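Quick setup: the structure tokens below cover two forms of a single protein chain, split into structure 1 and structure 2.
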Structure 1
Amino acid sequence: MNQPVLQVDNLAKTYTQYRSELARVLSWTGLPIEPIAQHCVLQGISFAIEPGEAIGIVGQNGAGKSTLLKIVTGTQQPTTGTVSVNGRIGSILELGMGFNPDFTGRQNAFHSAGLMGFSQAEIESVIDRIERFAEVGTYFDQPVNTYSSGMQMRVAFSVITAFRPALLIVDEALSVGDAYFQHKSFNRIRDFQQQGSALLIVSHDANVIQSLCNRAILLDHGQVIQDGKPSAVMDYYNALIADKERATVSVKKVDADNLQTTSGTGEAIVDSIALIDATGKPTELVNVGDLVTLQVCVNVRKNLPIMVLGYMIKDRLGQVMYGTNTWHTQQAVKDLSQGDTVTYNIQFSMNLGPGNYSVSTALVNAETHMDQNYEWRDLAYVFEVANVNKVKFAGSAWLQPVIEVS
């Protein structure tokens, strides 16, 4: 193959903190001023991207993904190491950046393409293509402040992809506008890839990474800890998250707006919870339709006459997908004494659509938790369902069809 599109060599980024900003300014003059703190966000990053490759970058918040992208695009400078780019970089991180609401779509298209470094004549030659692709009709010659946010995204996406870049950086913001336009923009991105553009995709979405990428890079604490097949890297990534969850206390932030809340008397607690796949290994990434076992170990802290375990599986919006308890199944455990451990193995087929789900558990003494609530735990476990080998489908239930066409 020919030269790589992007070659990153031993890249490191350190944010330095000086006693005061004045000290920083004076340090440029060559005075011997020592910074008081150095904060290393990236270190020893090396990888290369060949033309036509699609690489996913995954990592937890704060792993250094955005900093890496900023350095690759060139807005930030690496502290040490080199980034060499062979060709132009297009970036969908900055959709609609630099748009002025008082100007028309056309004027803004000219302006932002100019910001990307194209000459008037070059923009002139593609402006019709931009207009056609955006499909905003006569709005193209109306001020952008009359646009809906989706229309603005359409124009912005059309401008950014008007010229085929050697490397296209795509982040989660790819959900541009409605489903129709999303489809259209994905097609354009795939076309670029077929014509030899490399893709660099940042996402938390295992589905996106696994369906689009042929390689994934896992960043953690500023270092590349995995670089390989997307499925393997995603497994590792999920294990990493699970590890983190186990290490934290009972009330914690699971993500931006979800708090895991635990309530109850604490007379019995869920000691551990895991989803176990067919091979007997704990997993957080489940293929649609796979047979899994939800294993819940309960630690009894006081003598209890009766204990019922209830659980619910909720989607990311908190809607209950399924829930039941051992009262209904007539499996309530009786006469427990302090220090007992009860293990529940709940086997079921993962007949859910792709997405993120959580498990809530409840330990009670009867049908509902109103009577005596030993422990109630929301977001006790988080897992992801991905459609690896089933036909493509929409929705949150897997209703395997047999379609006869006659």
Structure 2
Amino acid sequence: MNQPVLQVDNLAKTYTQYRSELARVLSWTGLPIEPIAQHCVLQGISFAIEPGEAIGIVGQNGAGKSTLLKIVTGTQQPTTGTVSVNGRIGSILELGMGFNPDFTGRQNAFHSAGLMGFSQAEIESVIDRIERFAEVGTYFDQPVNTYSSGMQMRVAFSVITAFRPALLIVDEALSVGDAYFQHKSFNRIRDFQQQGSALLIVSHDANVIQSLCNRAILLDHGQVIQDGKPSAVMDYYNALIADKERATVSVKKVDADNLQTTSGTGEAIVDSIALIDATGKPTELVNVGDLVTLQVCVNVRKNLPIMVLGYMIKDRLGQVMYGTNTWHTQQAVKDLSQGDTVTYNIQFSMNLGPGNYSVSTALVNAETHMDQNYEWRDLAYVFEVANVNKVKFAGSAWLQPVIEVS
């Protein structure tokens, strides 16, 4: 059995406030100095990462994500608990942090890699590779104070990933880069994972978590409240955002592999949902390109001034293939009475690739669910797309081409 690359056991971090710095120093000597306040940032955090495994850490601001990463990388010490690392950590937290603005990119590359523990000879053996990957051209030999934030990110990422680590930690820093370099960076991250590196990724981007990770951990107020499949954890995370009081968030098992998360006030609910084929019959198996109708019937349980229906189609990993709502289509329904029924017939061509998909629905009062969330339901409907009669193709979308050969 492989030894975990990272083992976190019962981790806790509490910040203590004293009346003065003198009182703080005296407390270190063992004197019974009473603090004036204590703030618990992390409590009882435990998890392990195996070689090649990728774990996403998600949570709202203040959940404890940054503190957890700082403890794992050794820049902070826990109050209680232990962190064990088997191998070298490469951390991409605050890219460019530690760069001397008066040094060139090349000089900073040597300096940063030296601080990571690599010898002059080792750095010289990869410096050309660092320069090529960063793709900043002649700026590599110019002072960093002339760089944009994206250029700093390119050089920093290239340095940190010049040597494959046992554990690669990635924070939101990669969001600074342009789309081209983000794709390039994530390809390198995937290559590391295939070679056995473990990944610990913090991001608010659900697509990043669900495409790179095979497990996700949701932190809230310093505690782990969900640990499981990325799609299920992200669904629960979205429900928490939609329902800040958490009084109405519920989770139920819909099959052996999937959990359905529902939240909202219940003032309006989806009574039924179905996918209708061209013959008018409900179906759960659709041919690529076929015309279908998503029929959503809503029961209004309380007088409402306005109601908006939103829906998203997701793939099996929970990545959104398409989504919109009746706010954007200017079809919000107004002045509803208790007991009303509203039926939505949404017609579209199923231009998706073969695979399993799900529909999520949202009943709200505005453009998003952040104001008033009547009901948010994930995995409201599950269906399969099959390629029955189209030319074979790969991917998540059917983009039928016309190819001319001359």
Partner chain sequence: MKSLLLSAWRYRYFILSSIKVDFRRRFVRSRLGGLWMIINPLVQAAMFALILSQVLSGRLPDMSDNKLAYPVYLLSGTLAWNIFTEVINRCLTVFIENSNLLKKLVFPRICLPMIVTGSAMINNLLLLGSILLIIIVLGFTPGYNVIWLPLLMVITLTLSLGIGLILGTLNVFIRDIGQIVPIVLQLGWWFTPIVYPASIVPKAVLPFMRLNPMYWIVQSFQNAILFNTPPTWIALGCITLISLVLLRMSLILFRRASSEMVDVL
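Computed from a predicted structure; not experimentally measured. Between two forms, the rigid core is the largest collection of C-alphas that superpose within 1.5 Å. Start at 1 and count along the sequence of structure 1; that gives the residue numbers used here.
Form selected (criterion: the form predicted alone): The form predicted alone is shown as structure 2.
Shift of N387 between the two structures at or above 2 Å (CA, core fit): Comparing the forms between the two structures, which are aligned on their rigid core, N387 does shift its C-alpha by 2 Å or more.
Cα displacement of F47 between the two structures reaching 2 Å, rigid core superposed: No.
Core-aligned C-alpha movement of F192 between the two structures, 2 Å or more: Not so; F192 is displaced by less than 2 Å.
C-alpha positional change at V136 between the two structures - rigid core reference, Å: Its C-alpha moves by 2.7 Å once the cores are overlaid.
Core superposition result - C-alpha of S272, shift between the two structures, Å: Its C-alpha shift, to one decimal, is 19.1 Å.
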